[in-house]
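Have a look below at one chain only, the form predicted alone, in structure tokens format.
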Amino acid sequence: MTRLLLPALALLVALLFVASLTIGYTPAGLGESLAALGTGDGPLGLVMREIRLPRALLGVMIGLSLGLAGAAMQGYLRNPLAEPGIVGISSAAALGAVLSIQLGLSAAFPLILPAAALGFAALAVGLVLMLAGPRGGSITLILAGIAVSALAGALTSLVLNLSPNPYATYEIVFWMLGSLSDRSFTHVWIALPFMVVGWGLLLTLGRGLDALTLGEDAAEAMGVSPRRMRLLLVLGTAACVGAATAVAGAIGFVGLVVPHLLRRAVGARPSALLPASALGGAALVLAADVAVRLVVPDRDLKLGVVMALIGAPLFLHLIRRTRGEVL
């Protein structure tokens, strides 16, 4: 079943990618839309190449990043309730974006917003690693991440509370809901280099995560360095989640939901769960973004809202199930 899972997920991602390209406000058939993507010079060709294609690509990239980071985080912490935001990267990236909007920098220079988000994500990485210390374990990493996340969240709330400009506050709130609409290839090229680095770092953790299932002492006896793994995990998660938050806002629950859904299908092996969760995350984000355009096509329903409506009930179920296992 595991050998069939990855091709099946890849096929699902391909089908949803095509659906994302062909579903939108401009009425056009499947063949006409795909033809316009390659050679069309009219309005439909412009819509396909400049609006729908970058939106679909970002859906795949962000889903891959969040799903992969979630599987790696759960594997390292050996906790199915862990998710990428636990280390505070997404909250810090959101704070950087909020400050750029509030100060008016993003209005003058549109690229300042993702740049500020990425910069604050990098600061969060340094702070988490400093607080966790060189010898800190998984619990220390969690506590450091919670502290950074709480601080970034408090500062974001402070900015909103003291904002004298209602229009900036309105823009901040809607940006924080998360969305792929109105994105261009500029956002794709900003996020892609960081995400590629993050994918490379996280995918190298497979063997070590498998060894960690036996405990840290056993993993060290097998030649795996937990300290090196923690560094690669934090850096890879920061690159993936920071870039995703920078270009699309806060999109939660992907890194929590997808690994949980696919864990049994891969026999609970963390190394097998990494690529499966990456593809599953891409499929989930694309499906949610297609649903955004189908459910209320005349309103700007935010992707982050849809993901929360999907993820929150499953999160509650996961808590209940985990409690039952403990009891």
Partner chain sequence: MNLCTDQLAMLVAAPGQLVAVSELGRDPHLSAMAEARPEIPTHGSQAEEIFALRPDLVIAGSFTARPAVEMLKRLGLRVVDMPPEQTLDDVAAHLREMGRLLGQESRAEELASRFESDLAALTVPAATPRPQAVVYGPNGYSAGPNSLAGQVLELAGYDNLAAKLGLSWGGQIPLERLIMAEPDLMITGGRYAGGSRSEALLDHPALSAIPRARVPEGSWSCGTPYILGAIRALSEARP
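Numbering follows the first chain given and starts at 1. Just so we're on the same page, rigid core means the largest C-alpha set that superposes within 1.5 Å between forms. All of these numbers come straight from a predicted model, not from anything done at the bench.
Absent from the display: the form predicted together with the partner chain. The rest refers to it.
Interface residue among L30, V295, L261, L46, judged by heavy atoms within 4.5 Å of the partner chain in the predicted bound form: L46.
Note on the interface: of 148-156, 87-95, 165-173, 111-119, the segment with non-hydrogen atoms within 4.5 angstroms of the partner chain in the predicted bound form is 165-173. Contact between V290 and the partner chain in the predicted bound form is not found at the 4.5 Å heavy atom cutoff.
Taking the partner from the other structure, the partner chain in the predicted bound form has a heavy atom within 4.5 Å of a heavy atom of R183. Heavy atoms of G24 reach within 4.5 Å of the partner chain in the predicted bound form, making it an interface residue.
Among residues of the shown chain, I51 is one whose heavy atoms approach the partner chain to within 4.5 Å in the predicted bound form. Contacts between 83-111 and the partner chain, taken as any heavy atom within 4.5 Å in the predicted bound form, involve I101, Q102.
If you fit the rigid core between this form and the one not shown, you'll see the Cα of E171 move by 2 angstroms or more. Core-superposed comparison between this form and the one not shown: the Cα of V159 travels 2 Å or more. CA of A108 to CA of L301: farther apart by 3 Å or more in the predicted bound form than in the shown form. Relative to the shown form, the Cα atoms of Q102 and I190 move together by 3 Å or more in the predicted bound form.
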